[in-house]
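Taking the form predicted on its own, here's one chain by itself in structure tokens.
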Amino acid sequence: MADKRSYDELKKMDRRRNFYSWSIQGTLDPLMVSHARGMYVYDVEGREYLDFSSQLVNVNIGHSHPVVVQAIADQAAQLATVAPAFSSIPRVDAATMVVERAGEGFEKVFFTNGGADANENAIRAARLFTGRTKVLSTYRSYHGNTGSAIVATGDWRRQPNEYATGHVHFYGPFAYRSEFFSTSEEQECERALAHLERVMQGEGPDTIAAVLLESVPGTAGIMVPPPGYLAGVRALCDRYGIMLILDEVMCGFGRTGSWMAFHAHDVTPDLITFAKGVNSGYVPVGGVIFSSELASYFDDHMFPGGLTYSGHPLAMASIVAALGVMESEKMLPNATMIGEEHLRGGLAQLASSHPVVGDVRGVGCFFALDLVVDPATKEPLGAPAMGAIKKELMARNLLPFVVDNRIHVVPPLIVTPDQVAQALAIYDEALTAAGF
């Protein structure tokens, strides 16, 4: 039955009753979504938007995939919920599929409700295993909005939330805005690793439980690490007996064209955190993948952590179905093809036409445009200008992912070359209309 309330009435009720994240509430005017299919989202007035945000970079398989929707419905009819102490067939199948895609050396999965509590529990496991407390993470990072995860985060959102202890930050590699005065990727890698080792030594290696890194930092700017960096971090962790946690919440499960983004970097972590892309966000879920060594440790040591919805049947069924269609519909090869044959060159051409685009970087369906006031100084474009660009993009029926001075180009992995061409034309028009 169609909702008979007017759009204005619904908007008024929304403003009165809903409290939104990361916002000054009185400034908000959120798009009210009615439904979504594939690459497209529709508002309650029937307007169609091409989704190049994947919402929060999580709708990897596209919206409302019928196979996954049906799997959730079937599971709801069979077993809608069960306490986390019980097993179920979809839980067994989901864990098996996740571990298989993580690669050799991994054994078990602890399922969580999302990425933030996945990072919380990975930190907990590393601290218990090592008997140490400190966690090192980068300034350019986002790991979630729970106690330890938000303090492990490096960006501004950490500062009003610094209640957890034992967190230390360092600078990771970022050649475009090098903290190390590097002039090449090789130099950036070498100097970033030297910096990290000095931080380890300064903090005292025997106090450090883990290094927590996004394999490819996402919200912070889609900064693909230079060759050798992640392997170098692994070597430093091995030297000092430190656990390596790789956060694959945003970059994992096909986003970069690989099942895990770290698969392209000759490294194996001790713990992997994931969420988002594993089931495209159809049901809230995340998890921690344990290496064989870590899993064996907890065979005879208590793990003092748990969640009411860990292993929730609907989430498990959605994982099994989503990973299945990603494979059967060859979404990972499509992400690689789109990235290398369409996005990389198309975005570079956009940059050549618009000097405001200071840098183009990324891999697979995971790219960012770094917008600057001046290409020479690399001064980031300010919030008013970014707001104007976002408004122009929305006016042309494209849903963008805009963070700070960047436009993240992050479509679902089902995107076609024609849809990429359409989006590139919209980016071009919007930048021109905004005066850039």
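Source: prediction; values computed, not measured. When you see a residue number, it is the position in the sequence shown, counting from 1.
Not pictured, yet referred to below: the form predicted in complex with a small molecule.
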In the predicted bound form, the residue from Ala192, Ala152, Met316, Val249 that sits within 4.5 Å of the small molecule by heavy atoms: Val249
Heavy atom within 4.5 Å of the small molecule in the predicted bound form, from candidates Pro269, Gly364, Gly277, Gly115, belongs to Gly115
Please pick out the stretch from 193-201, 140-148, 332-340, 88-96 that is in contact with the small molecule in the predicted bound form, where contact means heavy atoms within 4.5 Å. 140-148
Distance check, Asn119 to the small molecule in the predicted bound form, heavy atom within 4.5 Å: yes
Exercise: Thr219 in contact with the small molecule in the predicted bound form, heavy atom 4.5 Å: yes
